[in-house]
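We begin with a single chain expressed as structure tokens, specifically the form predicted alone.
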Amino acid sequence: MHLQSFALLAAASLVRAETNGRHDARQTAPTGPEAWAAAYARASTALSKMSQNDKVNIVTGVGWDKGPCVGNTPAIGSIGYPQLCLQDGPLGVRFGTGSNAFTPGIQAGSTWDVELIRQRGAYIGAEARGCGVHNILGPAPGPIGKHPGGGRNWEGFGADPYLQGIATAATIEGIQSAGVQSTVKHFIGNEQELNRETMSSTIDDRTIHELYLWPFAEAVHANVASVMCSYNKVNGTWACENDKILNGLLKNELGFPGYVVSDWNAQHTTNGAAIGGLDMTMPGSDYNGKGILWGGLLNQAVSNNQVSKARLDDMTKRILASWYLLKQDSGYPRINIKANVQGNHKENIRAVARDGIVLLKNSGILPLKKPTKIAVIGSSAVVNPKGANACVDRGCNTGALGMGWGSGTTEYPYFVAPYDAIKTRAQSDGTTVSLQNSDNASGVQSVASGVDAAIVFITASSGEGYITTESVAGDRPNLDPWHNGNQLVQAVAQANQNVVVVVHSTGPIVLETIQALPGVKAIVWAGLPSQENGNALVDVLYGLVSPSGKLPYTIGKSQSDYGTKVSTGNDNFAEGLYIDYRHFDNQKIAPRYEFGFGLSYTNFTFSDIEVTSNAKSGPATGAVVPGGRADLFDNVATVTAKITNSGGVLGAEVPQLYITLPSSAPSSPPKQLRGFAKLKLAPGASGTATFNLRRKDLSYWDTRQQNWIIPSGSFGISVGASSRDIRLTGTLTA
């Protein structure tokens, strides 16, 4: 979008859909085009006071390890602009010692609770502001998770664009409600760690729109301040100087008014990056303090008319407008990464950790009811003996697992391991607890036999590719549990017929060996719970709450069932739209546990579906606002369903809505998630799930018309407890 367009949009209202049966929280400050127009007016005034050298400085980082934050730009005295602090990351203030380690995105996604996710964002924003961080580098809906073992999938919210989009927008709104800039990343097609800095992701136009761009569009619609371009090439051109994706898709088609910042050292040229759409280079040099591509070189390029003065002004305005949009020009705290900012935020961490736990199997053993004797088995039941933060950037899988590894991590201020919390509960119940804090299968007989329940902990981890952990260089090479987890569970199940398996993992693992064991009575998918690991688990194991998490990805019966694999060279994205459950559905492959699956300690019945619609087939025609054409965000249909807690305890259900496009549309996945709600219900109580379908939700991307089109004909509407457990069906016609 051209900057002058904002003046034209100042009177336009940014339409925000009510999603998932909930009203979005609103800041009191104006949002959308009006707020951006006001911010741009102030940026233009400031720009007139700046020299060319000032402008070059504001877009150029000071260099690696040359400031208090992971990314820093110099102060601009002529306009009272501070040294800008950009800091990782998606789950809190990296390197902070007085801040919290929030639950990873994938755990937040598995709660399917928009308000809890929004609160998580608000608390991350509050801690960032308290540390003087101007820009927090998150959330991270890229990678979306097309590879089940992708190293950084755990930083995002799940393997579906709609789920990612809703959670991303809520997170951004939460962060920016604290007056902190949010950076959504990594744009775009960075789906693996292997060769991420050399490979090209070749993605067709429809796939990039309907899968990979979707959550970024939602981020822009939520007024995100900045977008981070990724390391890889996209269709042969580096992402951070790719005119098609930065100028074409992001700034023009999505109307993004903020600034594009490079991933750290992802810039490759001076002029190409400036012309291609990059607005800020980070950290300003390579990791050796050399390789400075902007700074003096950009100044020279502008003076020589190789990069236009108008382009430099555009970069500068975008950065200033984001600063003014978040009102960071007045009363902003000084930079202090070590500030004590924890507040009461651990309440959200525990809630997300708890409500993101997915109960996969339960043959009546859970919840535990004051057992006489229990055994706790596995090295991940206890804190890393060397300390929870012993491994740099969490680059190990030793002791209890709370997050993956890499730049998207934080320091734990404390860590409650499973054994600690279970032991505390057991003492109040008068239960005897025996512990084996190793993964030695040959030693479990004496510990596991004769107890009422044997709780076994297994893990699988992954992370960013600059760290190799136990021969895993980012992406997991297989979907097996680590540390001989299958053998450990087998040995315990031979010694005891009441086994509870607890899984802490960055993504799917194949559970077939464990599933086949008669002694395994329950499987608890505890995900990545961060610092409240044990407390959240005890809440569910002992029935203090009924589990309500749902899988944000598919757990297949074999790795080959997913239909994708990490590429050793370039990746042509041959699977197109068909990743995760879309692939399983299209190929009619039975998963072990499907996307959206999760059990409860109570039961829910679905009834009384109603569909109302004024959807009309045809293209979107609205003016471009942040996020795309304005009418894409108009509600055009509403589906409601009655959900009743027909069991005996308080619980929460997540009814999910999937659409099937009419036959007039081009080939599409059999079902696509387009709505969800989380209803907390007392025994016997009923609630209404309301799904508001936007024009965008009923559209496909037409590559010829270069527009979103609602196809003509009958849409299938499916409402259920998971992507495979459909309880109600209906239709709407456009």
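What you are looking at is a predicted structure, and each value in this text was computed from that prediction instead of being measured. Position 1 is the first residue in the sequence shown; the rest follow in order.
The same protein also exists as the form predicted together with a small molecule; that form is not shown, yet it is the one meant from here on.
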{"property": "Listed range touching the small molecule, judged in the predicted bound form by heavy atoms within 4.5 Å, from 475 to 483, 183 to 191, 395 to 403, 333 to 341", "result": "183 to 191"}
{"property": "Proximity of residue 228 to the small molecule in the predicted bound form, heavy atoms at 4.5 Å", "result": "yes"}
{"property": "The small molecule contact at residue 532 in the predicted bound form, heavy atom, 4.5 Å", "result": "no"}
{"property": "Heavy atom of residue 264 within 4.5 Å of the small molecule in the predicted bound form", "result": "yes"}
{"property": "Partner contact for residue 210 in the predicted bound form: the small molecule, 4.5 angstroms, heavy atom", "result": "no"}
{"property": "Heavy atom within 4.5 Å of the small molecule in the predicted bound form - the one residue of 59, 698, 46, 70 that qualifies", "result": "70"}
{"property": "197, 286, 313, 329 - the one with a heavy atom within 4.5 Å of the small molecule in the predicted bound form", "result": "197"}
